[in-house]
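As structure tokens, one chain now follows by itself in the form predicted alone.
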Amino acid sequence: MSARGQFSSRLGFIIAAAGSAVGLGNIWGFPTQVASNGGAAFVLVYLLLTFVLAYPILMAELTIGRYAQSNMANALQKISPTSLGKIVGKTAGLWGLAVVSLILSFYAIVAGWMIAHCLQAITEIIGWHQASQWLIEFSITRNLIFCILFSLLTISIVCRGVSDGIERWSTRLMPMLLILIVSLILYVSSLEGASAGWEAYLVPDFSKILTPDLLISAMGQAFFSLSLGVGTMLIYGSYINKKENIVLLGASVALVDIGIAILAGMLIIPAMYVALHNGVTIFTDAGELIDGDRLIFTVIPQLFQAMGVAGNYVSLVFFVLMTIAALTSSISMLEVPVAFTIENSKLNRYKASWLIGSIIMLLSSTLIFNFEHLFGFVISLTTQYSQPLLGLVLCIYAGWVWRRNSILEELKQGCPEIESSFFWKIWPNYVRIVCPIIIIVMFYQTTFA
């Protein structure tokens, strides 16, 4: 094992990388997009676009990372044959590092709310109603306490390293997440109103399948669900053993991510219609399903309240699930700036993790104290504008800057027969031409249309 750390097994990498991809947005964003965009028709388009857009870019990140054995800024410099390419590569890498740090700064706040709702379910069971009310009320004090608590959990895992920290905890948390989500699916499906939710989720409305809104939504979900563009998959790729077949590993990660997203839909959409059956409002004034934070912190909790005593226990399981989903993503996000710091300074992993984690906690605190002005702005700046552009940079470097022979030699290390495969005949030109066009179109539609 190299000094910089490595995943100890193929399964460990797949689970850790899938954990990075499976986050809060995947669990609450995907289901409502499905229900609002033609049900199963959206799922079919999403599946298609995951493999025609997201998977090729995922492969670019993993391959660059494993070849360079370093963070995004250093890796893009290493594959650049010209001084201009090295400068642009370093700039893009530092940009990605800043973006992922900003994403984690708001992500930790939302994840802190998940922990607060976990504790609220416990205080309701015990009968501490005053504490229970404080835990779910929006306040600076509550937000700070639970944001810091979640950040400390993330730092404590990352500071232990790749195999002993990230891999070990991912292989514990992801099975727990699967068990909890399947258990909740079975329970919610047994309730009155769930069948209407299953119909909304599974019955396709093919009249919407070629509408611009559906295609743009599906492209965005496919791109963002795999944590692309900010270097998380690139840094995870740098921890893959050279003997592994990276093409199959990338496909495995994409399939697991898709599977979790579909399972999330099987839970959230029936749960919303159970809530509707119990008198809870699940549609906006425009007739669309409520999504985002209003769904998770208003609609779903109202459903739990309507269940009576049993609702407290279901609420506890649900928010534990959401906390786990948040944690598996946050550890991969923190790893990006931590890896950069380790590789470009004399700090060891323990000190780098606590230093970078503390800086991000300060960023989170700034957002909390200026919530109305900064929170939404930072989310738009990072996810809507920066991630697609960083994904475009990675496509350009993998398709135009990095020499094709070097890419082939890197892929051959884990798969000697790759040159004669369908993947190699399609992927290089695909990531070189098709992916950049798709990203530019998506960026234009979401930003200017």
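Here the structure is a predicted model, which means the values were calculated and not measured. A residue's number is simply how far along the shown sequence it sits, counting from 1.
Another form, the form predicted in complex with tryptophan, is not on view; read the next lines as being about it.
**Q** Is S227 close to tryptophan in the predicted complex, meaning a heavy atom pair under 4.5 Å apart or at it?
**A** Residue-level check for S227: yes, a contact with tryptophan.
**Q** Taking tryptophan as it sits in the predicted complex, is N71 in contact with it (heavy atom to heavy atom, 4.5 Å or less)?
**A** N71: no contact with tryptophan in the predicted complex.
**Q** At 4.5 Å between heavy atoms, is S151 in contact with tryptophan in the predicted complex?
**A** Judged by the heavy-atom cut-off of 4.5 Å, S151 is well away from tryptophan in the predicted complex.
**Q** Can you check whether N37 is within 4.5 Å of tryptophan in the predicted complex, heavy atom basis?
**A** The answer is no: N37 has no heavy atom within 4.5 Å of tryptophan.
**Q** Using a 4.5 Å cut on heavy atoms, which of Q33, N26, T50, T63 is close to tryptophan in the predicted complex?
**A** Exactly one residue meets the criterion: N26.
**Q** Of these, F319, Y107, Y201, Y273, which has a heavy atom no more than 4.5 Å from tryptophan in the predicted complex?
**A** Among F319, Y107, Y201, Y273, a heavy atom within 4.5 Å of tryptophan in the predicted complex occurs only for Y107.
**Q** Select, from the options 193 to 201, 261 to 269, 301 to 309, 95 to 103, the stretch whose residues sit within 4.5 angstroms of tryptophan in the predicted complex by heavy atom distance.
**A** Of the options given, it is 95 to 103.
**Q** Which residues in 378 to 405 have a heavy atom within 4.5 Å of tryptophan in the predicted complex?
**A** Stretch hits: a single one, Q387.
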